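Only one chain is included here, represented as structure tokens and corresponding to the form predicted alone.
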């Protein structure tokens, strides 16, 4: 990690959840450190410069005294401080489950039919964003840079301005930003856009997301002036200036590559393949969510087995689904539909010694996950829409170069970077995905090696630390001409014959 100088004393990171998991065990509150790319990337910056991470600890039941003690213990050796935002049950239901997950999540993933535009949800969203802003204001110091993350907290910047805070602020959206015709369905479309424009820097995953955002902004700001054409551009709106950039998030490539070569991972991967002798294994790893296109994927695999009988006994699909929000009826129904499809397809094609789909519904520990990445020849990453999809990048970092193929949805943010090495598909097209499966299984080692070499190069170069540095530099750079043009997305029809 480069030591980023932002010209500020500290970095203040704000996210919906703190980087720890708080749980109650036998009437005692405990914590476990959080994991993931965001934590591994931002923790060193906070540790080196001193800083604060502000967020909800994930519980509405812990007493403030117990929570304070837990957070103090969690950061005893971290070099930075955790500050909680307390939410009650109403906040959790209407802000988190309501506006964040029944309005913004489906709408921004182009699935507006899943939306519930209950008026109380917007009220809860603005109320909770104000709570976050109040905690930030209580803890910020002169010169701090405030970096707010994701769709839960889009109006925090405006709330900070209303409280009189003039510190520099940045916001990064980890999910897609929808096109104009879909965004316009949001009843609170204009207040939300005006709130976003109060940040000093807004970051998106892809050029397509940035373009969608600018098209929406032009509706409320006909005087909008745009300067620059590179990765970061400048907007002038209503007398104020802000920057907007594209910053595709990455992973800790070196850590994944190193851990993927550990003895334990190699041993587990070998055992997985010994259980499936003579087969090429396809892998899907997804959180339980309707945006991931898992049912479409099962139908595509069924189509491949119907059209290409030589795949029988030759390939197996392992689908890992990580449990999420099962108590929500929509997600419970999705789980039931997936299980119905798995049973139906296996019942249709299973023969002695061969079951087409192995379905795993549980979380995997890190060693298990890396072993699956290493053991499986083909990753089938086909979300209906995704901000980035880091599973695709993790697979590339861990998988052996000459043996693996990535089949990737053209609607994943990762497609903009990985289009030259992956087989891009339209996840809604059952036949197209089936043909990509057939092509991947028959692909020779030379083409596999060339494609995976390109994929690894991109994932290595644009890792999680590049992402942090690029965003923070964009926040304070005087000259934006040093930022290169962002990776443009090219429809897969133009790249499929590489």
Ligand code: ADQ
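Positions refer to the first chain, counted from 1. A quick note: this is a predicted structure, and the numbers were derived from the prediction, not measured.
The next section is about a form of this same protein that is not shown, the form predicted in complex with ligand ADQ.
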### Query
Which of 378, 285, 415, 148 has a heavy atom within 4.5 Å of ligand ADQ in the model of the complex?
285
### Query
ligand ADQ isn't shown here, but in the model of the complex which of 331, 122, 349, 105 has a heavy atom within 4.5 Å of it?
105
### Query
Which among 157 to 165, 262 to 270, 365 to 373, 82 to 90 is in contact with ligand ADQ in the model of the complex, heavy atoms within 4.5 angstroms?
365 to 373
### Task
Indicate whether the candidate residues 386, 391 and 394 are all in contact with ligand ADQ in the model of the complex, with contact defined as any heavy atom within 4.5 Å.
yes
### Task
Would you check, heavy atoms only and a 4.5 Å threshold, whether residue 249 touches ligand ADQ in the model of the complex?
yes
### Query
Looking at the partner-bound form in the model of the complex, is residue 224 within 4.5 Å of ligand ADQ by any heavy atom?
no
### Task
Indicate whether residue 320 is a 4.5 Å heavy atom neighbour of ligand ADQ in the model of the complex.
yes
### Task
Decide whether residue 205 counts as a contact residue for ligand ADQ in the model of the complex under a heavy atom distance cut-off of 4.5 Å.
yes
### Message
Where, within 162 to 192, is there a heavy atom within 4.5 Å of ligand ADQ in the model of the complex? Residue list please.
### Response
174, 175
